[in-house]
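Okay, so here's just one chain, in structure tokens, the form predicted on its own.
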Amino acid sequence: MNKVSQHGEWTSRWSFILAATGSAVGLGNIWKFPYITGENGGGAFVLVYLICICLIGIPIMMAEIVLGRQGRQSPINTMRDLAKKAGAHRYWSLVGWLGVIAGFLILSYYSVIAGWAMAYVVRVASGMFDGATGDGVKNIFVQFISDPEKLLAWHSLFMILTMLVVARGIKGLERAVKFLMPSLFVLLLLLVGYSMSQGAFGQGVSFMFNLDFSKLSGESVLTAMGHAFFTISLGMGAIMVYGAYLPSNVSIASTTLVIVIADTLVALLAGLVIFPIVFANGLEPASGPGLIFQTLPIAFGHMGFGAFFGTLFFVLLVFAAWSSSISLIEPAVSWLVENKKISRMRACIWAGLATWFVGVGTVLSFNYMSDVTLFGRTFFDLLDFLTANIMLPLGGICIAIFAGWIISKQSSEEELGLPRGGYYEAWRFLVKYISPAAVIIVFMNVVGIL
């Protein structure tokens, strides 16, 4: 098989690390992780999350990169050709389709939420939240999402920024992540320093790292397991297509560890930014999804230099979303280039327009169509549930099974190039048995079987 993708290769190991870390680091790290940690009691939840990252995240990410580098194509064509080579059923290509469609649907609503973050950069910088009360901040948020024209404008702007990067191919992706990821870490460290000055940093650290297992429920364990899986972009084709551009001489195992450590570090630093600010202002850490858009603006509105550091925080959120969004659409673009024989620019236009159009449904689900439900969910809620709770777990299970049971042991062992001493056997055991079983438990829970 051709060992070089027609789309090119990353120029270095660090380019791939930055790109894959950018894919993994997103709203899930900075928006979702802090609020689910707050809802599930803090330190014990964080410990379970870290264990799940090791047992589920790392083995499946290594498996997905192995498949991507062996196939050197879009996820759909990679799964088709690897199945044919292994003598397996051609229906394994559906795993590639599942990932590409999941990434496409996720970006359609991800872009809308990222648009909120862009809008809040302007709002916080203008001093809109200075001295605002809880009810005042809530009213600002409700009025904002009730205005479809404003939501559509921010959604459109974010999609344009995303497609401008993707249209430039590997070089565009590399240049973007080389700017976005270092900037993201610098912003995070600045905000951690600011959070330390607010007088409740010790309380925030204690909340995140003191182990109180009495606050941990069975549901909390399953939530930690699910988030460990979803936070590093598994099952949506992004890591597989980025793996297709990885040079053959780069170690998959060590690279995966760096990516997962960086991704986890961002999530923990985000918690160290948010919780001390929350505690210093007497706010509730378990305030749920509104923690970012309704709770933190209250704090920023009453702190010294709150407008400046609040602006930095939402710029950070935009950067995280942007670095993820370019990986979500790349699998679809690469498939269009490979199968429809069109230029990357045309592929980006078609894929971007289709994603934007589906995103309009999410925009309207917060206002004009807020009363329109299917299976008891709005359009946005349905897409979120379908992708995060059904499509990604299915994709993760199938990737683990295919890498552990379908492709030959010799093939995966050569691709991983792990040192002797049982490292390969440990990975193979995890990816064949432990990771699929854990993801199946998560899947059964979210569909209501457990």
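Whichever C-alpha set is largest while still superposing within 1.5 Å between the two forms counts as the rigid core. For every residue, the number given is its place in the sequence shown, counted from 1. Keep in mind that this is a model prediction, so the values were computed, not measured.
The next section is about a form of this same protein that is not shown, the form predicted together with a small molecule.
In the predicted complex, the small molecule lies farther than 4.5 Å from every heavy atom of Ser334. At least one heavy atom of Thr231 is located within 4.5 Å of the small molecule in the predicted complex. The closest heavy atom approach of Thr295 to the small molecule in the predicted complex falls outside 4.5 Å. The small molecule in the predicted complex comes within 4.5 Å of no heavy atom belonging to Met62. Against the small molecule in the predicted complex, the set Ser108, Gly352 and Thr355 makes no contact: no member has a heavy atom within 4.5 Å. Only one of Ile36, Leu27, Leu55, Cys398 comes within 4.5 Å of the small molecule in the predicted complex through a heavy atom, and that residue is Leu27.
Of the listed positions (Val363, Met79, Ile274, Met236), a single one reaches within 4.5 angstroms of the small molecule by any non-hydrogen atom in the predicted complex, namely Met236. Picking from 133-141, 152-160, 245-253, 223-231 the stretch near the small molecule in the predicted complex, with a 4.5 Å limit on heavy atoms, gives 223-231.
Put the two forms on the same core and the Cα of Gly68 is off by less than 2 Å between this form and the one not shown. Comparing the forms between this form and the one not shown on their rigid core, the Cα displacement of Cys398 stays under 2 Å. With the core superposed, Leu418 shows a C-alpha displacement below 2 Å between this form and the one not shown.
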